[in-house]
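Below you'll find only one chain, the form predicted alone, shown as structure tokens.
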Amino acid sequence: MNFALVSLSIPLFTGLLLLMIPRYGGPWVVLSSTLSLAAAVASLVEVVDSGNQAVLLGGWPELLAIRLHLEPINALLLAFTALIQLLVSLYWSRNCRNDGFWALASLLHATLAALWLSGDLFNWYVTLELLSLVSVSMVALAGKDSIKPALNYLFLSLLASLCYLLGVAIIYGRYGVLDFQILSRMTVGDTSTAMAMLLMTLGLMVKGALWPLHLWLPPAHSRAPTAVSALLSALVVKGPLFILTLLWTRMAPMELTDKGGEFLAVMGVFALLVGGWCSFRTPLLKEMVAYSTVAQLGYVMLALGLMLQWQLRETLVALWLFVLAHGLAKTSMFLAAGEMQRIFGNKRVTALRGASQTAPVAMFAFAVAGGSLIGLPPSGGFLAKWLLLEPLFYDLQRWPLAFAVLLSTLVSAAYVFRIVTLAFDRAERGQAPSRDRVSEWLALLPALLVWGMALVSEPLILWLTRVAQ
């Protein structure tokens, strides 16, 4: 547990230091992310070798203390967060013109680490509020065009917080505890518990931009600075998803899981189709990638819903694979999209005509990451999608869901190949745009990592099958 606390403390102290001394933030955040990644990997090795761990802060008794817990899944997310932070920091250190970004990025990293390690409903509320405030501030860094999307994000996030907090209050009034592991042994399927689960689920769906409560995400992600868009899509929306998964798989009583699973699965199918269609139709490049996030989160909702409704453990493994593969792919896509916008000086998809000749590496990064979203083998997206589809083929009653997943794959292919087709059109003659080749290669790196998941696919799936229970 000590390594996990170190992984949390390093970005926290770095962020506080940069608030007071904002200059030269890039190198400090790169160093901080590297050290945090090393500590997170050590904590992952530790928990795999020694088993689950917990610590009660301040020496208070169990029901009063802030309890942090370390399990293989949240240790993996701790390392994944530090990795994404490091990749984005390396890219943005070449492009950042706002010193305020670095302090906020470090505080975002620390907040996510605290969220992964927290073990009770109220601590999650605190970390969700901090996550929203930091994220809104980062969106607003883009200037006056981003103020309205940032305010919409803030107001909807506050409404979601009220829903979640009201659900927490009902749970506390009913059971007198907030620790989710204790609650997992106490909850029953009565009216008050059902109301609390509904309120918390709705609040988390807004914060996680899950369809149809996703309206803040496309404008916020598309108008934020490039690095912020990557962090929001790869990491921030995964925080509420993580809590939602633990609530329904660990805490919810069996009497409610069937209805909850049906609701989440249906919402997931609509997210896949509607989000994909919006992504195909939008004329703006980063907005296309943002709507793609709404669609791809539908796979996570569907996987969670199927696990709850039919107790398909394979879908829970698919869920965590989707989280990892989507985070890497979206990091690459947003960085590549931002790089191409900078090169061409235009935000529209049509500006990418001839991009394969004028920005080949950035375009290649976008296409490779898009291949994972489509589910082309042997990418990480393919591994997750195959695990999700495989149990659906064994039962005729599940074939409509399998058809929806395959249809959404075609929609994903449509919006990715829409960009690729334009990129391979003949470029207009004129002065060659300026390029930062190092930034383009840094945008490609996460895409290569998501395809590199195939190299460790068998041990990774076996390990997740063992620990994702």
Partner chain sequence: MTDTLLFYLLVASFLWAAGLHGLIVARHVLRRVIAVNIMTAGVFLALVTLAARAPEPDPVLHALVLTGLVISVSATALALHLGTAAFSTEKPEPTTR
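Positions refer to the first chain, counted from 1. Please read these numbers as outputs of a predicted model, since none were measured by experiment.
Below, we refer to the form predicted together with the partner chain, which is not included among the displayed structures.
Peer 1: So which of Ile73, Leu247, Ala82, Leu104 reaches within 4.5 angstroms of the partner chain in the predicted complex, heavy atom to heavy atom?
Peer 2: Only one option qualifies, and that one is Leu104.
Peer 1: Which residue, Leu312, Ala359, Ala150, Leu87, is the contact with the partner chain in the predicted complex, using a 4.5 Å heavy atom cutoff?
Peer 2: Contact residue from the list: Ala150.
Peer 1: If we define contact as a non-hydrogen atom of the residue within 4.5 angstroms of the partner, is Val136 a contact of the partner chain in the predicted complex?
Peer 2: Yes - in the predicted complex, heavy atoms of Val136 and the partner chain come within 4.5 Å of each other.
Peer 1: Is there a heavy atom of Leu19 no more than 4.5 Å from a heavy atom of the partner chain in the predicted complex?
Peer 2: Within the cut-off, so yes.
Peer 1: Test of understanding: in the predicted complex, would Gly173 fall inside 4.5 Å of the partner chain by heavy atoms?
Peer 2: Yes - in the predicted complex, heavy atoms of Gly173 and the partner chain come within 4.5 Å of each other.
Peer 1: Do Cys163 and the partner chain come within 4.5 Å of each other in the predicted complex, heavy atoms counted?
Peer 2: Yes - in the predicted complex, heavy atoms of Cys163 and the partner chain come within 4.5 Å of each other.
Peer 1: Where does the partner chain sit in the predicted complex: which of 111 to 119, 229 to 237, 265 to 273, 152 to 160, heavy atoms within 4.5 Å?
Peer 2: Careful reading of the contacts points to 152 to 160.
Peer 1: Are Leu215, Leu308 and Leu444 jointly within 4.5 Å of the partner chain in the predicted complex, each by at least one heavy atom?
Peer 2: Heavy-atom distance to the partner chain in the predicted complex: none of the three under 4.5 Å.
Peer 1: For the stretch 197 to 227, I need every residue with any heavy atom inside 4.5 Å of the partner chain in the predicted complex, listed N to C.
Peer 2: The stretch 197 to 227, when checked against the partner chain in the predicted complex, contributes only Leu199 at the 4.5 Å heavy-atom cut-off.
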